[in-house]
Every structure is written in structure tokens, then in C-alpha cells.
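Starting off, we have a lone chain in the form predicted alone, written out as C-alpha cells.
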Amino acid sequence: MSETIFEICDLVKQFPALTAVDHVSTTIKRGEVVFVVGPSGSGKSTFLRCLNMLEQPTAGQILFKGKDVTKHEISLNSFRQQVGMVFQHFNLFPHLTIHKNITLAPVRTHRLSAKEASEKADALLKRIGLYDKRDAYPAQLSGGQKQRIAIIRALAMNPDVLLFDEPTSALDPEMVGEVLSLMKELAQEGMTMVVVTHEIGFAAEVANRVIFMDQGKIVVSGTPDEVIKNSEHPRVRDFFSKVL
């Protein structure tokens, strides 16, 4: 049995006029690629942000490798070094070069020496074919290039898990493929990934497991075939009949 990375128990996140996440329970195991799908406003991104404690849960538990991060049993800084996050709008530092964007966190958190971080950054840039952009600034890159840089910036920290919050939704259609290609490579290499996305075809191809959320709840969870193609739940069938 592979190691459980996340165990989410009865998670609730309430805002003043909305319960965005409503008693959600699930687990994420090492090497699993879990896609979270569903209609807009279903609580997908809030759920993901709770996993990284960017949103403080209202109730419930989030156990990361057995420790409850909602109770601060481990330091949030240490926790976030192990849980990489890739955002919809890249969140690169505009005043830093691409190389500096990648090396800043590993050096500042003492995970790597400056020399090690630089070598790792160069290797990652070569991997995605953007080594020639190492001294450029984010504004000089296309959207697809920025998102691939954001992904390898997260990888530079050697995280246990990568969280993706709609990583292609801000991209022009012709740039989506280059980002999905990199994500597919990572999945095939065994990276533990939790991906919130509207790219249903990509989820069907790459996911080990698909979670369908609606109105803050997990409606169904299973393999892509079970959830996307063959679910007998009427809400799920109705959703996929409109998006596929």
C-alpha cells in the first residue's frame, strides 16, 4: 500500500454567505494523480487552497503525512516547502529573472546551496527547452512559457506533492498543449499531483482518480472511466453531457 500523503477528514470552509467546502473527506496517496472537476463555483479551488493552507479551514482535519496541519503540529513554512503550488496566473516575480525566480526559494529556505540551486534550475530549464530564457524576465515570455516556468519553479523545491489550480485557464488555446505535455510527463514519472481543471479530456487521459465536486461536496470519486464516462449519478451525467 503506497504512503498516504494527505488525509482529509470532514473538511469545511465557510465564507460569510457561502459554504464553499462542505464536509469533504478523501485521501491522496503517494504517486497518485487526482483531478478535481465540476462546475464553476463548486468549491474545487477553495478545496485545493485549503490543502496548502492558503485558506484556513473552518472545521475538519487535513493530515499531511500523518500530522494535522490545521492544528499547526508542523510549521506552515516547512509544510509548504513540501507541497508545491502552481497557480492560474503563474505568480512569478516580475522583477526577477527566470533563473532567479527558480533559485530564490530553494536557497532562502536552505534546501539547496546557491550552487546546487543554480545547477538544478539550469537542468530544469533545459528539460523544458527554455534554457535560453534563463536571464529573461517574466514579461518577456508567453503565457505557456510562464506557466511551465512556474511548474519547474515548484519542482525545484523537490516537493512531495504538486497542487495545480486551473493551470491552463489563463492561457491562449495554442499554449495549453505545452503545459499539459509537461504535466503529463510529471504524472508518468510518479509525481503526486492534485489538479483542479476544466480540461476534462486531459483528466480522462492522465488521472488515476477523478473527484467530481458540486455545491461544496464530493458527489462521486473514482477512475476516469467510472466518473467521466460511466457514472450513473444524474448530476454528473448531465455535467459531462454538456462539456464533452
Partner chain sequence: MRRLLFLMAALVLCFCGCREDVQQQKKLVMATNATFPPYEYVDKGRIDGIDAEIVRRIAMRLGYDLEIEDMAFDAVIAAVQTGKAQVAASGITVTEDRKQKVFFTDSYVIAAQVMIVLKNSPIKSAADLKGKRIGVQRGTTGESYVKDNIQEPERFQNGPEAVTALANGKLDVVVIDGEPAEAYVAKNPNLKILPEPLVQEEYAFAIGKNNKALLDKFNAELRKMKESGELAAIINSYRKTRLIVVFPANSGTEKLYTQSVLEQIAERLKFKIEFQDGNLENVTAALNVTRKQLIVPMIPLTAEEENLFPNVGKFTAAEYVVVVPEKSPILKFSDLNGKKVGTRKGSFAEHYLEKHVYPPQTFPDAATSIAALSAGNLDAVVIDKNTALNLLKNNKNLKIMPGTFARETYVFAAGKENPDVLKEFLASIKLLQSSGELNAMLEKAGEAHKTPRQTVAPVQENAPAMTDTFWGSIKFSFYNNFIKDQRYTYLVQGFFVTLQITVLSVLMGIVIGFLVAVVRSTADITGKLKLLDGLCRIYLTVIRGTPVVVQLLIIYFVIFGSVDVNKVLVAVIAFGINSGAYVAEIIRGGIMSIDKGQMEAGRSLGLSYGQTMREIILPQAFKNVLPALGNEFIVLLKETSVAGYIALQDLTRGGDIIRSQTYDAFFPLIAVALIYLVVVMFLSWLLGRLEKRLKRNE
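Residue numbers count along the first chain shown, from 1. None of the values given here were measured: they were computed from a predicted structure.
What follows is about the form predicted in complex with its partner chain, which we do not show.
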item: Selected contact from 141, 170, 124, 105, since only one has a non-hydrogen atom within 4.5 angstroms of its partner chain in the model of the complex; value: 105
item: Proximity of residue 131 to its partner chain in the model of the complex, heavy atoms at 4.5 Å; value: no
item: Non-hydrogen atom contact residue 209 with its partner chain in the model of the complex at 4.5 angstroms; value: no
item: Proximity of residue 113 to its partner chain in the model of the complex, heavy atoms at 4.5 Å; value: no
item: Residue 54, heavy atom within 4.5 angstroms of its partner chain in the model of the complex; value: yes
item: Region of this chain that lies against its partner chain in the model of the complex, out of 115 to 123, 170 to 178, 82 to 90, 141 to 149 [heavy atom, 4.5 Å]; value: 82 to 90
item: In the model of the complex: members of 159 to 186 within 4.5 Å of its partner chain, any heavy atom; value: none
